[in-house]
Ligand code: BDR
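First, one chain by itself: the form predicted on its own, in structure tokens.
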């Protein structure tokens, strides 16, 4: 049975690889792509999603989402152009006019409508800021009981952050949205830096994928070059595979080790955006985690098998 997926994304270089994986995996039925601000402004991330849809012949609709934080009083963080380039896709020169219109519904309404139309069947894979999910849940609390699962790329639980020592970038960009969705009663699995920083893709690995995968993967190769150069401080001639880890979990959960427990997000102060899990197997006194439904956090990964699955799926 195919996994019905909504991909909530802010393309974004690693988002592009994750999207191509979902599009090409035979067990995934990609129902829609919803865009959010994060790696660039919403106009750019939506244009990039439409561009990738066109170039890769993806039938799923694209719905434009949030450009402001869940709490309008929170100031917006700057765009990480030094990571993803000025155009969000590694400065490859994405055209302004893609020739495709987005779905007329805002992303949060697209999520609500799609989940309600497929009760118990939809997996939401969210790899950007959590704003669209929070807006959808606020508008329609019933969807928490209708989704199959929510798989998130974000957070840093038992390791340092990547935008501050305490916080990972997706969560830091809208902590109030993240805390709202983590404390809701839907099933959540989180791929944070605990596993994504253990999953390195070397340039030669991607080059080999491009040789086997043709023009679609050659585009991915071009998009990724800027990103690989950014990651020179962390990976020798390669990059960290963030968003694709969340996508791989949908079809191969056995490649990840999980830890169960409720999650809260720090909103404000020196640890703004920090994700903290209260593990079910540990005892604590009374706390603000009490009464919250447990969520699953990935704490380890079989990274070689993740890379192999990405390669086989994307490049054939």
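Predicted model only: the values in this text are computed from it and were never measured. Positions refer to the first chain, counted from 1.
There is also a form predicted in complex with ligand BDR; it is not shown, and the following applies to it.
Contact check for residue 170: a heavy atom falls within 4.5 Å of ligand BDR in the predicted complex.
Proximity of residue 199 to ligand BDR in the predicted complex falls outside the 4.5 Å heavy atom cutoff. Ligand BDR in the predicted complex is not approached by residue 45, whose heavy atoms all lie more than 4.5 angstroms from it. At the 4.5 Å threshold, heavy atoms of residue 220 stay clear of ligand BDR in the predicted complex, well away from it. Checking 135, 114, 123, 162 for any heavy atom within 4.5 Å of ligand BDR in the predicted complex turns up a single hit: 162. This chain is displayed alone, yet in the predicted complex one of 239, 127, 107, 190 has a heavy atom within 4.5 Å of ligand BDR; that residue is 127. The stretch that touches ligand BDR in the predicted complex, counting heavy atoms within 4.5 Å, is 240-248, out of 68-76, 240-248, 203-211, 90-98. Along 81-107, a single residue, 84, places a heavy atom within 4.5 Å of ligand BDR in the predicted complex.
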